[in-house]
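Single chain ahead, written as structure tokens, the form predicted on its own.
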Amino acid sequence: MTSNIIKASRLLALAMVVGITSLSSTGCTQRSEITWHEPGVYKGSDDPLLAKQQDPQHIEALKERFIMGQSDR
């Protein structure tokens, strides 16, 4: 009877070791992608608002909006 308890405890210990090992090794499988950034260099997609900022009408509308917002100060 004692040998059955020892076998059961060894089997339980083995199952726990296998379970802990498999759970702890799953975190090591993900690869992380590293993005290297350079100061002053935008590497994203083109911004459609940049073309708008060159339009003189848009610049004038922004100036007028700024003056309206700052006139009460």
Partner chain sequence: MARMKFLCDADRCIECNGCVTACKNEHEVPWGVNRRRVVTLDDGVPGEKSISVACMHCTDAPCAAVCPVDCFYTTDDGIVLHDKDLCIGCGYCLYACPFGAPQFPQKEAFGVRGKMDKCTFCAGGPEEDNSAAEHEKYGRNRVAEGKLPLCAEMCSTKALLAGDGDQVSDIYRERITKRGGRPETWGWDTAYKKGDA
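Just so you know, these numbers come straight off a predicted model, no measurement behind them. Residue numbers count along the first chain shown, from 1.
This next part talks about the form predicted in complex with its partner chain, which is not shown.
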item	value
is_contact(residue 58, its partner chain) in the predicted complex, heavy atom dist at most 4.5 Å	yes
4.5 Å heavy atom contact, residue 50 to its partner chain in the predicted complex	yes
Partner contact for residue 34 in the predicted complex: its partner chain, 4.5 angstroms, heavy atom	no
is_contact(residue 10, its partner chain) in the predicted complex, heavy atom dist at most 4.5 Å	no
Contact set, 43-67 vs its partner chain in the predicted complex - heavy atom within 4.5 angstroms	43, 44, 45, 46, 47, 48, 49, 50, 52, 53, 54, 58, 59, 61, 62, 63, 65, 66, 67
